[in-house]
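Here you get one chain, nothing else, as structure tokens; it is the form predicted on its own.
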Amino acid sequence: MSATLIWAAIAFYAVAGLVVVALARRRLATGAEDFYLAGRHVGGLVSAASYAATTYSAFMMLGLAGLTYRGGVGALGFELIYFAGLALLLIFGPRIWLVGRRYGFITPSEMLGARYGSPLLAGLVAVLSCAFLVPYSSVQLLGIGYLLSGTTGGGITVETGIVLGAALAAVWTIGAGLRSVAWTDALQAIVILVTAIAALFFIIDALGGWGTFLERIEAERGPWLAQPGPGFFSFWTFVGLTLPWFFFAISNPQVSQRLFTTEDLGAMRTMIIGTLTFGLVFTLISILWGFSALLVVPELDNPDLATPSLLAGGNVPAVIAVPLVIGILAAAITTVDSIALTLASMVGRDVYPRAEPGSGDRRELLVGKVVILLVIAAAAFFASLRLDLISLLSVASSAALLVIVPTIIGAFFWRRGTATGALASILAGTATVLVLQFTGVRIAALPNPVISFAVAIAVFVGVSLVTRPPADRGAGFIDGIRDDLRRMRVD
């Protein structure tokens, strides 16, 4: 694929994005709530497209396709576990939305700090989120580098792609906050889904049609259709990868923060249904894309290059391939945008000292915009290191955030949970993650995420039972949600 053609498409995308940013800025009010949450007035369809675009990023067409290329049908089971985990939105979505409205929360860490009566807890969650999500952002930028380099045969280098993605992410994010990100998300979600479906049919046609495609996969890649496949997906490997993926919807603050933004619960319902529909279709496309690559480009050293190699092979017309490249690039950028926005809000609100009364949100927003630049710059640096598979790096970040899940569940369903229990749980779980990761110690055959999650649960429950929560804080928080839900059902 011509590098000149790709550059022209990127230029068009950049100009269109700048127009969206300019339009979004016209509606940008002063204050952190409008910048980070679009004033809590995002409609259902835009919320669905934005949530889907943020979640189903470079991981899908690059990471999941590459994981299929490497491990076979186990990748489908892996992603369907994530898909099943989206059902958690039905339980936690309305509750998070309600407390956001009732107490004016902007960040998930602020919510946890208020529930347990501990600003220290809010700060700890914010700091750990920064530590774990910067590498996840780097995965998106690395995906852009691989995509542009692979589709142009090296005409655009990986490093150039990383820098380009970082620059566009910074402009979109600082320009108008969540509103500009959500609007660009809505457009690119449609583009990437339509072009991915069209490109898949062209690839299958080049392989001789669906019947021939399925026959060749069975004949030439039979082990990829069974478990453990060619050897990658052992039982415990599968469990270790899927456990953090199941809880992604509540453990990752860049997606749970989106639950504060919808204009009402009807919009949230539309968001959940739309995300589930998009996710199921996109999952199947990405898996089939990976299997197609096994037949078309069977000897790749780096599985993450499966999609770029297919697009560069000439089987997909440029009128389809180029928009798909831009759609994948945009999906990766929007994930970086969302992470940078969330981390900026968490640092500006829960870590950096609050401004004096009467000074408004100006200092908080200034701190946030500086954090956005620092997060994106750090992500670009990590991306330049080119570490491991995109899919595995994505899961590693979620595995680290898994230790916060017991605290989140306790916030809504266990009155007895205490701030001391939450702090001890997160610190003990994080320490376990780091020790196991950097020492290489294995406990039986158990994956590291399973061990760290078990430690976090045990410490949260044990310490909470021997410490005293602030008077009525847990009960008041949980009972208030229950009463709100009961009134809404009656109404």
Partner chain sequence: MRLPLWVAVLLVLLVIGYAVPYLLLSDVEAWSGAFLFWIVFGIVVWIILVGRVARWDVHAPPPPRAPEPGGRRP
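It should be emphasised that the depicted structure is a prediction, and the values quoted were computed from it without experimental measurement. Positions refer to the first chain, counted from 1.
The following text describes the form predicted together with the partner chain, which does not appear among the structures shown.
**Q** The chain here is shown without the partner chain. Which stretch in 133-141, 194-202, 296-304, 261-269 comes within 4.5 angstroms of it in the predicted bound form, by heavy atom distance?
**A** Result for this chain: 261-269.
**Q** Ok, 318, 280, 367, 351: which has a heavy atom sitting within 4.5 Å of the partner chain in the predicted bound form?
**A** So the residue touching the partner chain in the predicted bound form, by this definition, is 280.
**Q** Of the options 377, 87, 120, 385, which one has a non-hydrogen atom that comes within 4.5 Å of the partner chain in the predicted bound form?
**A** Contact with the partner chain in the predicted bound form is made by 87 alone.
**Q** Might residue 324 be said to contact the partner chain in the predicted bound form, defining contact as any heavy atom within 4.5 Å?
**A** Taking the distances in the predicted bound form, the answer for residue 324 is no, it never comes within 4.5 Å of the partner chain.
**Q** Could you confirm whether residue 39 comes within 4.5 Å of the partner chain in the predicted bound form, counting heavy atoms only?
**A** Although the partner chain is absent here, residue 39 would touch it in the predicted bound form, with heavy atoms inside 4.5 Å.
**Q** Is residue 102 near the partner chain? Define near as a heavy atom within 4.5 Å, in the predicted bound form.
**A** Yes - in the predicted bound form, heavy atoms of residue 102 and the partner chain come within 4.5 Å of each other.
**Q** Is the gap between residue 213 and the partner chain in the predicted bound form 4.5 Å or less for some heavy atom pair?
**A** Residue-level check for residue 213: yes, a contact with the partner chain.
**Q** Across 67-85, which residues bring a heavy atom to within 4.5 Å of the partner chain in the predicted bound form?
**A** Going through 67-85 in order - heavy atoms within 4.5 Å of the partner chain in the predicted bound form - the hits are 73, 74, 76, 77, 80, 81, 83, 84.
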